[in-house]
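First, one chain by itself: the form predicted alone, in structure tokens.
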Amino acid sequence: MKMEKAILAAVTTQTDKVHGSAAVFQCETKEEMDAVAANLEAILDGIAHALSDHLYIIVKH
């Protein structure tokens, strides 16, 4: 089975605004959130998209 499109993870400083079945990584600061999103992007072979100042999603295209 090959996964073609999916949200792999969410990285946020506001967990109360994220719902769903993807893994959620909570960060204390925007700088930590930026670093975690960059690392997850590389580890998961996905693309990080910033949806707001408080939320990234890691997507597999």
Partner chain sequence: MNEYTYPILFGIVIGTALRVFMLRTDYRQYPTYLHGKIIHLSLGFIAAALGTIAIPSIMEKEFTAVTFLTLAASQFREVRNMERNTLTEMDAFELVPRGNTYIEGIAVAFESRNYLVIFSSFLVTLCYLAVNIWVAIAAAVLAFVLSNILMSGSKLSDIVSVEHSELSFEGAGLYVDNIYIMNIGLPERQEEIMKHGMGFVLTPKSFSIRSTIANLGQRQAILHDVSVTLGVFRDSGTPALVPLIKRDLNDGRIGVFILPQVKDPERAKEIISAVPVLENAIQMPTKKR
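Numbering follows the first chain given and starts at 1. Predicted model, so just to flag it, every value in this text is computed and none were measured.
The form predicted in complex with the partner chain is left out here; the points below concern that form.
- Contact between residue 18 and the partner chain in the predicted bound form is not found at the 4.5 Å heavy atom cutoff.
- At least one heavy atom of residue 50 is located within 4.5 Å of the partner chain in the predicted bound form.
- Using a 4.5 angstroms limit between non-hydrogen atoms, residue 9 is distant from the partner chain in the predicted bound form.
- The shortest heavy atom separation between residue 23 and the partner chain in the predicted bound form exceeds 4.5 Å.
- Using a 4.5 Å cut-off on any heavy atom, the residues of 6-36 that reach the partner chain in the predicted bound form are, in sequence order, 30, 34.
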